[in-house]
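Below sits a lone chain in structure tokens, taken as the form predicted on its own.
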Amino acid sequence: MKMWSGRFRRPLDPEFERWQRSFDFDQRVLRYELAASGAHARALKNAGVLSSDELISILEGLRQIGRETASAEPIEDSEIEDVHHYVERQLVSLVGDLGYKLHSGHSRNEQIATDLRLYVRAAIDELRSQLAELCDAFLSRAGQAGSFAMPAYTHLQHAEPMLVAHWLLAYVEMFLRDADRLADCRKRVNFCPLGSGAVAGATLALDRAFIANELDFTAPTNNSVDAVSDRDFVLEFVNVLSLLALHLSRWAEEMILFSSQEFGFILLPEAYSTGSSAMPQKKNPDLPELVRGKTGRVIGAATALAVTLKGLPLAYNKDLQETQEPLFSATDTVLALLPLLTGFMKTVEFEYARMNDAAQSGFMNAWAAATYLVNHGVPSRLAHEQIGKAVKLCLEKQCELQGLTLDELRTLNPAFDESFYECLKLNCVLAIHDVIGGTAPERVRQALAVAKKKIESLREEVHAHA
């Protein structure tokens, strides 16, 4: 029996009935539907609609459905329209017509809105937990990198030397921001639509605050029309996922570049790489390439959601059914990626010697050289021009700045003396970046300690929601 069929004289067209069903994908929220149904049942008992014995029977029926469907195997049932229909039919099969009472004062519109909020909330908690592990992997490798340096790039050209640890901590900053965005999104997700009815509010005197508390929501939603039609939280969540995926893709691009023979900064872990069917020598960066590729899927999901929602009048419309698959796809994609990245970062090998050598060629100490002149009273713009001329002279002589003689340097500016050569050394070049957020070794040691505390705090927040 359909949940809505009373006023209809003819059955649905069979092809249309199969086409419009959502159970194939909305069974993903079955566990949340059962939890929400239990909270609604308790509210019905408090409102005098259910007796104590009836409540016990319904709750036990819901628990039995949960036990029977606990496996990850998809439920195959061609007669079921959606997850709400499935729970009602199963409950009636267990407790008889009493199962129909559960829908008193209830609507599928508020049910799916609640189920999706519970799903997104749980996904946020899982993602933040995985981000803590990923950040910890980056932090551990940053600590192991010690005093080794590498080139920093702008425009993908050699810019200045930086500590390898400083580079790795840049990703920690990105991922911690992603974790913060997820936490901020969770604040808006965590309001309960139950009691909103189909559009204008429940027709029974249900204690909505009680229901919200039962499900660990902050409070009930404030407006029933908005509650049943709102999918802002889905779009916001997937937009956060798209930005997280973008960060993962930037990491992937660097891993691909740095593992190439042209760079040679990293050795790809064999556990996350494959070879070529044609060229026996190849080791390909499959994991980073797939991470880069799957980012498009997540960004595409965000776009699909925005297009679906952009023209909908209030309140519920069947179009909202189309918001579920992009949500599930984006969530699954990112949840699958994060543990793989963590494993990759734990096992990837850094070619520290090569990175360190690369940090000492290509005039990456040029700004340090200009700073030397500034410290000797030369205006910054003039110092910049004079070091630029020194670089041009080096290119003609095919040497680095330290290869110029003092006489040659003094033709550019008499302020040069023997101390100039000391300022060009790698340790000195790193040390002059002595500001908060800079790559000076002491600043990086401080940043490692700060990052460790932030990751510990993230873990504590995740644990609090467990």
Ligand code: ARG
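Numbers for residues come from their place in the sequence shown, where the first is 1. Because the structure is predicted, anything quoted here is derived from the model rather than measured.
A second form of this protein, the form predicted in complex with this ligand, is not displayed here; the remarks below concern that form.
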Q | Segment assignment from 375-383, 235-243, 313-321, 390-398: heavy atom within 4.5 Å of this ligand in the predicted bound form | A | 313-321
Q: Decide whether Q360 counts as a contact residue for this ligand in the predicted bound form under a heavy atom distance cut-off of 4.5 Å.
A: no
Q.
Against this ligand in the predicted bound form, would R108 count as a contact residue? Criterion: heavy atoms within 4.5 Å.
A. yes
**Q.** Exercise: H166 in contact with this ligand in the predicted bound form, heavy atom 4.5 Å
**A.** no
Q.
So, H84 and this ligand: in the predicted bound form, are they within 4.5 Å at any heavy atom pair?
A. yes
Q | The single option of A132, M255, I112, V120 touching this ligand in the predicted bound form, heavy atom within 4.5 Å | A | I112
